[in-house]
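Next comes just one chain, in structure tokens: the form predicted alone.
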Amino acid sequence: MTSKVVVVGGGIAGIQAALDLGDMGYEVHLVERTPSIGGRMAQLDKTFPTNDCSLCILSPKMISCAGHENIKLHTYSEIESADGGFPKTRVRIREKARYVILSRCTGCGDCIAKCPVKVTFEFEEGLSKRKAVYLPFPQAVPRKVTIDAEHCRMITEGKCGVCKKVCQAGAIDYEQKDSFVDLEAGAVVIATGFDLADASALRQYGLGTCKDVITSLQLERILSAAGPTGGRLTRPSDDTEPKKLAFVQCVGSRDSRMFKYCSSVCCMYATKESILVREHVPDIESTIFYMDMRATGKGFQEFVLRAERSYGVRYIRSRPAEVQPASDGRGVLVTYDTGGGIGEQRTEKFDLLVLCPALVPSKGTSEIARILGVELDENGFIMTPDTRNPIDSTKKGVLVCGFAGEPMDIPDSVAQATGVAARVAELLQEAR
């Protein structure tokens, strides 16, 4: 029997599972498809209900994970194939070419400063540009640059080569190829996290057509001191501070046309963001349009009451019917039912509208399920049919934690990751 465990996904759930398994003495291979571990939590400014700095919580875990003697990071990598079954699954990991020699790269940023190519920055949710050679974010682990082969002129056209000229460490290698790691794993943990559903598909909310309509994750990046505006709250149409802001809950979720389930965290992060915007713009007015307030965690209801009483957040139980740009192109007009069962509608102007889209299993979850031979439920999450062991997938030795299995917040994801580590240890002990 092998003592190796493969963890797929380097977000907070995958990191916690890897740390716990590593502390137990297992050899852990943490596979992350992006150039850095950290996942979605790295994009957040603060966490609810304490409003603690997200990266202040996450960064120490990222560093511990990278420095752990029993954990091997495979960033910018994917699972290529998996054969066999518990407790001996033959896994092949594809480590994609970064065109950078990791052992030489110091993360100094000289190559980034000189690169002439600018493309949309995914980490900043499209609000700013990055270079073709880039760091995913300042606290990235490992702190190594990656060359985007799709946009690098040297790789696509054979012209440029500036980054190689300025790299004093000699870390740039345009001829680098993908490499493979083959190993035999006793268990596999799926912790692939979530993505945001495309809210522009619901045209009535104006995303993509109204300049001052953004997503909640874009607002997180705007509020972050390390974000595209340096933490200054502005609206896209004219770069001025909004004085009246609104949130729309359940955009695509709890909707029979798109996603029937509740995304679990939207009520609370909208409340959190409505508090945070007051810290940036003290006289701002915030309104949250919601279907049902689902504040079910410890201290969550108190958090909502504090937002309402101490920060003046207005909660309106209504799903807006239509969003239109204001006549002057600045701000939006929101039409909604005022309630009371009389069907009366009201149109109100807001400087900035924030949509809270449905959260869906991350890109690649269905593919990793296919490779590992596990089933998905009707919503695309990894199926966990055994209520006695709600972290077991439909295949023995393949376990799931975090948002890959069902919608949940950060504390629940961390707790479940620790449970997965204990379950892996239990299964491997039984197999001895």
Ligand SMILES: Cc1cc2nc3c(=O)[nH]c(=O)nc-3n(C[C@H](O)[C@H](O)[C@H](O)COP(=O)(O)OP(=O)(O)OC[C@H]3O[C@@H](n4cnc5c(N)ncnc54)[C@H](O)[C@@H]3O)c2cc1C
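Numbers for residues come from their place in the sequence shown, where the first is 1. This one's a predicted model, so the numbers in the text were calculated from it and none came from an experiment.
Unshown form predicted together with the ligand; subsequent notes refer to it.
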Legend entry - Contacting member of Thr89, Ser237, Ser253, Ser362, with respect to the ligand in the model of the complex [4.5 Å, heavy atom]: Ser362
Inset, instruction - Look up in the model of the complex whether Glu220 has a non-hydrogen atom within 4.5 angstroms of the ligand, and give yes or no. - result: yes
Inset, instruction - Check whether Gly193 has any heavy atom within 4.5 Å of a heavy atom of the ligand in the model of the complex, and answer yes or no. - result: yes
Legend entry - Close approach of Val265 to the ligand in the model of the complex, 4.5 Å, heavy atom: yes
Inset, instruction - Examine Asp20 and determine whether its closest non-hydrogen atom to the ligand in the model of the complex is within 4.5 angstroms. - result: no
Legend entry - Contact stretch among 27-35, 389-397, 60-68, 373-381 - heavy atom within 4.5 Å of the ligand in the model of the complex: 27-35
Legend entry - Residues in 260-276 with any heavy atom within 4.5 Å of the ligand in the model of the complex: Val265, Tyr269, Lys272, Glu273
